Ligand SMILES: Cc1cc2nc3c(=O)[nH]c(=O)nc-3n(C[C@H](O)[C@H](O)[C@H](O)COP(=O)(O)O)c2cc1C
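In structure tokens, the next block holds one chain alone, the form predicted alone.
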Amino acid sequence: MDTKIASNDYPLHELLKNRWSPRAFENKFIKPELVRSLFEAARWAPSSSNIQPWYFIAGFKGDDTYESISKTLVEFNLLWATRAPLLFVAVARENNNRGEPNVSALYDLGQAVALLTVQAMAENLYVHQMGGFDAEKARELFEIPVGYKPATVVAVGYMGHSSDLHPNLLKMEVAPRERRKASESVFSGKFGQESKIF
């Protein structure tokens, strides 16, 4: 197992410190009750006006839904994602209950997946979100109606070994985790102005 722990500058919860997005997944089934807890965590995410604009199309490895999701992935992601035992498409409902555009839909879907990710870490599961998929193909394969946006495909599983990966992926898998400093993202007064918080 290849873990990559955040080199945080300030105290951080262990679940967040240990969270990362591996491509090496162990070929190990996830118990359905654990998967139900993941989506229960997503259910309790905050959302604008409590619209809860998140929907998920989920498949276990070997079933038809999983195979259809894998058909939407770009070639690069096919190199690794289909080792994960669970794949799902995250979908955002684009309108509010009055039929008007919900400008918070993608933000809220992201919060739901973030909470799912933390719940996964609590169960020793890892989550890797992918933008590299064909959203229109997903729409067609799953008959996703107009007004609902396929936003990402997510792989979930137990962490495997980087040595099992395609050689083209190894360098990325073992590279150190890097983030810009929090002080570079937090401003006061106006955008770009250094905050006194740091």
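From 1 onward, residues are counted along the sequence shown. It should be emphasised that the depicted structure is a prediction, and the values quoted were computed from it without experimental measurement.
Just so it is clear, the following notes concern the form predicted in complex with the ligand, a form of the same protein that is not shown.
At a distance threshold of 4.5 angstroms between non-hydrogen atoms, G132 is in contact with the ligand in the model of the complex. The closest heavy atom approach of H13 to the ligand in the model of the complex falls outside 4.5 Å. By the criterion of a heavy atom within 4.5 Å, F88 is excluded from the residues contacting the ligand in the model of the complex. At a distance threshold of 4.5 angstroms between non-hydrogen atoms, F76 is in contact with the ligand in the model of the complex. A single residue from the set S162, T65, T152, Q52 has any heavy atom within 4.5 angstroms of the ligand in the model of the complex; that residue is T152.
For the partner-free chain shown, R177, R179 of 174 to 197 come within 4.5 angstroms of the ligand in the model of the complex, judged by any non-hydrogen atom.
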